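What follows is one chain in structure tokens, specifically the form predicted alone.
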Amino acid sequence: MNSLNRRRFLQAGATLAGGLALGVSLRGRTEDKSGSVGAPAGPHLAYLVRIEPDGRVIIGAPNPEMGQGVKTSLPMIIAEELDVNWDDVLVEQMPLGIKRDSEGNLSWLHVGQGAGGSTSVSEGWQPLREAGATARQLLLQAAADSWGVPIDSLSTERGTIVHSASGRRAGYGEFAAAASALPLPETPPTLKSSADFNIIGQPKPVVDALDIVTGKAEYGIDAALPGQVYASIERCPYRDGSVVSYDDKAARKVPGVIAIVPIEGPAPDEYFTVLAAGIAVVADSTWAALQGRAALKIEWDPGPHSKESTASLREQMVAAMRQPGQVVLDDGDVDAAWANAADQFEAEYFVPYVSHAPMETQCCVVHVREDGADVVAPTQSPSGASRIVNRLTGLDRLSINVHMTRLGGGFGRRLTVDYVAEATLVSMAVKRPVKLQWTREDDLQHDFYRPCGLHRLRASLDEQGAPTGWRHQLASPSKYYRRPNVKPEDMWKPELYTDDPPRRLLENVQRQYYSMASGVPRGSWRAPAHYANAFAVQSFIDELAHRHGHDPLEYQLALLGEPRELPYENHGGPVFDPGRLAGVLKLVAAKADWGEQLPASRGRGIAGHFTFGGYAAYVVDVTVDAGELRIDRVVGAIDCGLAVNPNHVIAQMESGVHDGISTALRLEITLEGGRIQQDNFHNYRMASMRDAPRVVETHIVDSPHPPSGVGEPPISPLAPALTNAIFAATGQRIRELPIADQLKG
């Protein structure tokens, strides 16, 4: 068993009831002498494992839960190694836990507590297994001491210590107090063989499913602190615009309005604390705050981006591509490949800005006190919330308590904490707890949007139509816009993943980037650049196959070649195995009857992609009749390593289908005169039940590999599988998203 970075357990001790509490540290066993935040107090669980004398087993869920299932799957990992009955486990959401060492450096108290990049399970896999196994080891040692027998004569069975030689049996609770007083093991514990798993790999329901369906689950919109007031903010509709003047006389006359608080916008070219300048209305209810906000009269300075439009940005991309771009990858000699090619082919693909549009709009409660602060928020980055409050208030981060609610959707939007910054500023001004609630209009008009981009792909081909050279050019406004300490020459890094296929599958591969100027804030959106790149690359491969009369599946399998581990230095590495991608393509093709003859107006498309360590593929069946699109069937396959909870894998695959369809069909954020044009679901139309596939199937590869994330891999190949199916049905190639009315033209 490999120990990661000499990980040791930091905290073990007694609970308030005299049981065993255990935490894990990523920084070694040195005890922190200068304090911590997230210590066990009140109803919140600050330890990963807690076993009470009465036998109750409480396991902490350290990471934010936004529907990806980690509040269930991460405790399952601990429970497996602890060897308890899963049905007897209680799960509690942990608050943010950080600590400061003797040199003043801050680090995680137990494990990392963020949710992004599909890393929660993969990064928690080893430390959480060790946490459960160490708690079990302490209980065994306590039982051995109590019974006067060697520890290796004992075993465990679902929360019970067993001494087979004498037939003695006792529950964990009997030894919890004694275990809490034992010294921690000096070496990493022995972990189970996967053959002995009885929790991991089994489909388990969401631990708080009953609370969700009965309305008891706490989301950010439900959060409350004693004595709180309510705030709503009218924000500048122009990017980097500012307040020239405002008249709040009518707003102050609205019953319930308590205060008016100006919010200063971000400084030009600096990273965002808040997204926009604005005026906050504080009241004794959200309704009163909204009514007061509606009564404000504000004159805006439109700022430096008032002439930007979707059309002007597209023109900028087209003009830029008339010249060579920044070469960020240059394997082999693509020019020589062109010169010796039997054929060449080039195509352009476009993806627009899109919004995250979570069903729960941005919200939080913040109380800034003289001696500390409390934050209750639906956030993917609780540590980011802690940092922003520290930055704005100067409070010691160990005095800032951050509690995570369940998120009503995140998709990368809640990796940023601008809404926490807003609530913090208002709380500082009124010196009371403030609950901030965004409207749907706020959410669509003020977002960190997924970057738009124009992709140009060019391939040289031999006599059989196989690619010999490949160039991928991308013009886009980078997600790294205004990020601190990012050099201009590094703006390409979140937009083009240099190790993505077909690198190392072909000898001659070049990637070029053009960094576009835009005042639109950009950020991470589910599978960030992979969604866009998969659409371009998988569409292009399909075009190349059809150009020379090849079956698209066989063409792609030939490109991938034999199973082997290739270096992959981008997120999701350290290796990419084309055999695993080929495996999901073959599996999904077999399950979807690929190659079957279809009647006129029906088509079948296939696509696969490697995203953040996971391999996913889809076959999509469509019918197109008189310009009307119907999605008949979607069959998906995923290789995510060991599926900790197959229920969650299926749920994420299904969400990838519906989210991918929704985005491909109609979703687009556009600008005119420096302003976002979409402001609610009437003009940012999500997929409806009518758009949904009639049949959705998911197949999980029985994989011997460690777990990878499943939150983002399922969405990347959906759009190209859909548009490839449309081509098969109609002969019309969709190279620009969203599809919208293109089939009717």
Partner chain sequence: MTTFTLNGESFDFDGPDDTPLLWVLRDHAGLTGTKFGCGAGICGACNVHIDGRTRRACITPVSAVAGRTITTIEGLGAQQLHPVQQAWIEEDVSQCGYCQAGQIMNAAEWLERVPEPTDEDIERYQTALCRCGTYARIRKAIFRAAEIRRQGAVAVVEPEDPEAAS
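Since we're looking at a predicted model, the values are computed, not measured. Residue numbers count along the first chain shown, from 1.
The discussion below concerns the form predicted together with its partner chain, not included here.
- Of the candidate stretches 430-438, 597-605, 259-267, 577-585, only 430-438 has residues with heavy atoms within 4.5 Å of its partner chain in the model of the complex.
- Contact annotation for Ser383: none of its heavy atoms lies within 4.5 Å of its partner chain in the model of the complex.
- Residue contact with its partner chain in the model of the complex: Arg56 places a heavy atom within 4.5 Å of it.
- Contact check for His356: a heavy atom falls within 4.5 Å of its partner chain in the model of the complex.
- The closest non-hydrogen atom of Leu210 lies within 4.5 Å of its partner chain in the model of the complex.
- Note on the partner interface in the model of the complex: the residue among Arg633, His658, Arg369, Arg482 having a heavy atom within 4.5 angstroms of its partner chain is His658.
- Glu654 is the sole member of Asp490, Asp331, Glu654, Asp301 with a non-hydrogen atom within 4.5 Å of its partner chain in the model of the complex.
- Looking at 251-287, the residues that come within 4.5 Å of its partner chain in the model of the complex, counting any heavy atom, are Ser285, Thr286, Trp287.
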